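Only one chain comes next, encoded as structure tokens, the form predicted on its own.
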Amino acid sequence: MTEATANTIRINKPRQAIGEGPRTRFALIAIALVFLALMLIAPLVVVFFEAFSRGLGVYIDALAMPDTMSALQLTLLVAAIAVPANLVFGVAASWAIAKFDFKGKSFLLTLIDLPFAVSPVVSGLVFVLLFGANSVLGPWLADMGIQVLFAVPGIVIATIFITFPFVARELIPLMQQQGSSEEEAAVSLGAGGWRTFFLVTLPNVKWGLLYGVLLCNARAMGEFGAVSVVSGHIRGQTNTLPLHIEILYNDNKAAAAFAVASLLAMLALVTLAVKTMLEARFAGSLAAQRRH
């Protein structure tokens, strides 16, 4: 056997996997599963168990309460306004940051991350200072007949602020990874800016956009801190589902509180199920986009 042949055999010989031993892998997996069971699965099981602990009749009566139906309608209304608003902002911000160079780009990225760093309660207090009766805008809004605090507009504004990073933060890395070569090619072929965006840019990020919208929707329906500050807790008017759950629990109506909590949990599970089904249905498209 020549030296060249021996070197070829050594090169082509499969290498053993380099990593931790089986005990270490088993321990890490066990720790992860135990953590998930205690922090995620167990609370979810408790919510549904307590919701049905007093029978189906009590559960249905809790969901049929006028205050519950009002809270559900308000929650869906706020999400229906906040999510499209954040969709427009997220797409515009991510397109500008990923495709163009301009002064203040890093500052804009910092502003997008601001709701992640600021407590939701603090965010709500900021809006109270902006739109309250003793603020600069408060008397002017009152003269115009516009009520922001303790009304639906205040809840919508607070929810938009809390949730606006989700779409942008999902799209910015994806657009940066894809670059701008396809857009430049489209422009060189005579396509205008909007045509390039709708036919080239948007199709390339549609799955990331969908994930951002789903996350934004789930966060909007479950927001508590900022909404609690600006809503005023007016029963049947400004209580969303999270606020209604708190009121029921404080009124010693634990079964009703868990019943409404299970409704909110089911809305979150539906969002997760939609995400999972889309991943399974369009796995090939997702893989192709990641390779892009």
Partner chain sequence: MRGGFIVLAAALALGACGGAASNEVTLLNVSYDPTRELYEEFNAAFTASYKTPDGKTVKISMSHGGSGKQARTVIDGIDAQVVTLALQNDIDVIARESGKIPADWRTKLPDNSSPYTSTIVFMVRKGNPKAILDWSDLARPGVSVVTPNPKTSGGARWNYLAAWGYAARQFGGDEAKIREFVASIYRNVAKLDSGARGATTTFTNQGTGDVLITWENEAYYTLTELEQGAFELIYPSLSIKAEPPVAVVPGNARKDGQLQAAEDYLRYLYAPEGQRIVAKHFYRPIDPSAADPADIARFREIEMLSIDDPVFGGWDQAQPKHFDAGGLFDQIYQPAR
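Being a predicted model, the structure only gives us computed values, none of them experimental. Numbering follows the first chain given and starts at 1.
The discussion below concerns the form predicted together with the partner chain, not included here.
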I'd like to know whether Leu210 contacts the partner chain in the predicted bound form, with contact meaning heavy atoms within 4.5 angstroms. no
Indicate whether Gln73 is a 4.5 Å heavy atom neighbour of the partner chain in the predicted bound form. no
Non-hydrogen atom contact Asp251 with the partner chain in the predicted bound form at 4.5 angstroms: yes
Can you work out whether Ser53 and the partner chain are in contact in the predicted bound form, taking contact to mean some heavy atom pair no more than 4.5 Å apart? no
In sequence order, the residues of 218-238 that place a heavy atom within 4.5 Å of the partner chain in the predicted bound form are Gly232, His233, Ile234, Arg235, Gln237
